[in-house]
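First structure 1, then structure 2: two forms of the same chain, each alone, as structure tokens.
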Structure 1
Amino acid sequence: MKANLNPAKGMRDITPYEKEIRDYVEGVIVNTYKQSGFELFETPVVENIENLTGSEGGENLMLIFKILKRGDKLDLKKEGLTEEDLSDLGLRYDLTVPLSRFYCNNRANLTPVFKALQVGNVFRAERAQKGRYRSFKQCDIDIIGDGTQAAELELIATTAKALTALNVTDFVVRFNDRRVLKAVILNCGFTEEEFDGVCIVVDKLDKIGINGIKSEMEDKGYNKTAVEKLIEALKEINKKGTNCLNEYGVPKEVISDINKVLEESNTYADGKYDVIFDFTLIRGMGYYTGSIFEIAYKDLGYSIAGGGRYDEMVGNFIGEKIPAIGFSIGFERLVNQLMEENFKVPDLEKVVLLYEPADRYIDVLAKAENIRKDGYTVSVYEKAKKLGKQLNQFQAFGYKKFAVYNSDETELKELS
């Protein structure tokens, strides 16, 4: 049987060209975060299944890659088997659940306010399509132990700083609060039990429009008066922003918190980017308890970063309430967009050193090492008969200069 050379569905191979860009982007992000005082740590990709399924991860709970029990623990002869009988572990679907477990397990050795930095692959068994993979990398910063607006301000400023360091400048930070969403939606006449379902529909505003939202909510059987009130609320809040939130039962202190974050973040941004209030920002994770935010880049139909406050998740592991908030850069989306914009890794001088079959190879390697001492990245290859064609190939792979080995003096020449 002929071998299937394609990666598993929803997975992908990464070429040297893309890997070079990915490593550079990750390095810039990590270094920016570390310079800002966030501490890099690592967790396993495999978690105990009960930690994943009990995490209020919204629709992601349906997308967990579950791992079969092994050896004597796997009893396939048992009658009435369920998934719980067959699996005890799963691949993490985000980095927040592992962080929460890690913090509770290690907090005696961590700073009282822990500023966490984590980079790693996560896995979701969703429908594979262009730009959406079943395995993808996330870059998260989180602050655990600070329930004040200082945490929101720092996460927004630091994430924006990382993007700016990559020359990503045309972006907007969209900001909302789950407490605002709940107050407005309940004030319009929906029940507590209907809240999550209504949020899912409102989240489609940019895709189906205001009339589409109205039709879908009516089709789902929601109270028509409540639907009408919510549609009017969406229009009014979109026009007036936070100035009308008190009319919908949003507590004064919540409105004050939002306005403070907006005002101070925009002051800090100094025109480099905007932080705006967006009532239609939902974010699907059920564990969010307060502030939620996303970064919209240019006119793309998706965000390149997102996060929010999850003050209950960490404490659920140990029965305490511990404030926590995080911001995650959508690494794959960011890299894909940069590649579409023909992003080049700066200051990477790649040189190819060519040699003849008669040359002593160990001497060629020594010459390559001498060139590397001058700050170049040097690859060694045998010289082809058709030198022009060979040099054109290396130029297409990003090489800037070439040299032909000479035992005395090897001259670097521009590839052009």
Structure 2
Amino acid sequence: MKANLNPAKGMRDITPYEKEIRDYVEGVIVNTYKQSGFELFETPVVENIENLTGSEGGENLMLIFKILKRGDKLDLKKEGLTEEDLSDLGLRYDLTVPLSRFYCNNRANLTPVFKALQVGNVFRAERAQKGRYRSFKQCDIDIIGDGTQAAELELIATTAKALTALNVTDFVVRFNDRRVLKAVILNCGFTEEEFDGVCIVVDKLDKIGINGIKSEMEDKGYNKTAVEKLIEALKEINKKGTNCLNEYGVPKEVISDINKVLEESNTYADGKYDVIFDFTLIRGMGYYTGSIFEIAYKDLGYSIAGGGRYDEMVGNFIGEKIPAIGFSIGFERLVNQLMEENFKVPDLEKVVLLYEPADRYIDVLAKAENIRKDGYTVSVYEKAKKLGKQLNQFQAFGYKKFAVYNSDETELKELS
């Protein structure tokens, strides 16, 4: 067989060197979350297709990897065959849809307010692009069953703590609310139907600037007066923050909710990071109903974490109203950034123990066990003819010490 050695397009092999860094980063995040009382659970990467296609995942619904039916269920002879006929399962595109299903399915075995922690890969059939993968890891915390601002405060504080534990400190939490966006945009004269389209343009402010937004909206044929009013609103809200929101018909209680989160989060952060109101923060998912937030790190053009309140979604599964809110760390982006900054995992004491073919292998293994008792990681390999070259290789692989097996005389030496 002439084989293709590459992983599937847009997916990746993770070598031991990179895996060590990833596992360390994941460990720090997960331990921080667990210590804060978030409970780790797991759902399969495969979900029933209706739960995926029937969800409010916005553009992600176009990117689902669908799994072919099997056996008798797969009827290739059917007239006018569609994708729906062919597929009964799919790979999850996020962790929020599975969490919602999981919560409804397992409520009896969960704390009444469920503080959820889920880590796992999600899959999106995106166009291949540098730094964008078709299989990537997310670390999510969610609070289900708490509709108060306590949930916003705890998610922001805990996500910030996890990043800080990795020495990622130079970040800003951007905060907005879908209800603010809705009120202001309608107040400017746009219709309900235009809301999503207007959001998509406003989302580009970072990239095309305020004039770019104006001309794009005019090109798209939106009402001129509405566009001008929105441009003014963008400028004024940018200047005055939440203080002017009442002028745009944002309900008082929404403004007071936002102000509470901003004030208390900043008090709690105590200058270590800022939580700022940002009216131009949009976030694409259709399921957000209230607060939305992202973490911007240094001057990266993308966020390293994002989330929001989705009070409708969980309840939809069972016809109840259940408040829910989540914050997701984009693990791949975070790790890539840390690796570019030359992030180092705290040293492992790795030792290589070399033996000759004439040595009895179980004696060599017993010696290795002995060295491990002192806390070392010990790998056993046959001694090469060119010892110097071999030792250089092991040093390059991160080994710190070596020994050549010689029964009781075996001696640990520094690699250098």
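Source: prediction; values computed, not measured. Along the sequence of structure 1, residues get numbers from 1 upward. The term rigid core refers to the most C-alpha atoms you can superpose between the two forms while keeping them within 1.5 Å.
Between structures 1 and 2, only structure 2 derives from the form predicted together with a further copy of the same chain. The Cα position of Gly27 differs by less than 2 Å between structures 1 and 2 after fitting on the rigid core.
Annotation for Val380: C-alpha shift of 2 angstroms or more between structures 1 and 2, rigid core superposed. Met11 shows a C-alpha shift below 2 Å between structures 1 and 2 [criterion: core-superposed Cα displacement of 2 Å]. Core superposition gives Asn406 a CA displacement of 5.1 Å between structures 1 and 2. In this core superposition, Leu353 moves its Cα by 3.9 Å between structures 1 and 2.
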